[in-house]
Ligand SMILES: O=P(O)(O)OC[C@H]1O[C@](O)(CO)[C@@H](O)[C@@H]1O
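In structure tokens, one chain follows: the form predicted on its own.
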């Protein structure tokens, strides 16, 4: 997908006339290694060869508008009513973002009224017109100490015009949407409906996805907390597998289409022998298949640990007629259970070749999604919230705030949903996983004369990671 400078420009509601509460502080600031001035931009690409391909002067290269406070703002804070909605699945840090938005709006911009829509976009329908709560600094002071979202969330499509009616009824001037790809799509439709009516309502997205699969962002908030929690489950199943005869440890993690959590969690503990992700197909049978590899690991060191993203191996499930022809409320195809297939196939194969496998299987998805944000993500969420408020008050709309190349920037909302961020099978992340797990090298198969019978059948001469 080739992008040009005009593709990356964000929409403004109009000229900014009001002095910002940050105007004096910003007057003397210039772009530096630690700050991007409001008139400067952040390059989309970061290698010499990629920039050279454009053959353009620096000011015409594809680049994002820098996020942050402006000296002039579009809205008069005294007359602003803000709305906040969380949509889609849970993710660590949702409450941190809500808290950050409320604090920034009230403390620095002195916005007097902030409404939280309950249970996602469902709370913006005519049927649930009273399903809102007043958000104040006192109400949100300690919410970051709990997982989930105090506003609740939901999936499913609501009518955009009906939601615009709800915003007009409540006098909303700026709406903050905290959500994943489904939430950003809904926000894009909502912004289009607002534009069609010629209304002065800013819609700002704070993208979140526990799978880290939204593009044009270094990393989604909550992702670090999620893979840190997932890494603990890998450690636990590794201990269980190692303590069991012919132990098989399997951990199924989130990742419908992208295997980032499986990759990072596996690297964090370096206890996995095999990592399976949606981006890299695999086969079960044959000398190079998964089952043969599992057998070699068990014979070589007595146990094996497998980490599988939930979207891995869906082609194998389809071949076996194990996929439902159904979708969830957000329109996502329902996945087959790769964990169950692995458990059954590995048990049958190892039993057939004379081993007696002990399976330890964990699917901790909801235990991971519901945790509180760690210290890193708490800071990240707060800074995203600050950037979102600055963008809204400066009259930006149909825009998401993200961190790109370690800078906070504004990305046109349609770009955030234009494609999916995935692990590159030829990239350095997957190479690190292969190096850490040893998947680049086939485990040695024991010679019958080289087996340490006192060590549960482990090869004496095989180097164990």
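Numbering follows the first chain given and starts at 1. Everything numeric here is computed off the predicted structure, so don't read it as measured data.
Omitted here: the form predicted in complex with this ligand. The next part is about that form.
This ligand in the predicted bound form is not approached by residue 116, whose heavy atoms all lie more than 4.5 angstroms from it. Within 4.5 Å of some heavy atom of this ligand in the predicted bound form lies at least one heavy atom of residue 210. Interface membership of residue 92, defined by any non-hydrogen atom within 4.5 Å of this ligand in the predicted bound form, is ruled out. For residue 72, no non-hydrogen atom is located within 4.5 Å of this ligand in the predicted bound form, even though that partner is not displayed.
The chain is drawn here without this ligand; in the predicted bound form, the stretch among 74-82, 282-290, 315-323, 250-258 whose residues come within 4.5 Å of it by any heavy atom is 250-258. This chain appears without its partner; in the predicted bound form, the one residue of 310, 273, 246, 96 with a heavy atom within 4.5 Å of this ligand is 310.
Between the options 108, 386, 269, 369, the residue in contact with this ligand in the predicted bound form by a heavy atom within 4.5 angstroms is 369.
Although this ligand is not shown here, in the predicted bound form the stretch 147-175 places heavy atoms of just one residue, 155, within 4.5 Å of it.
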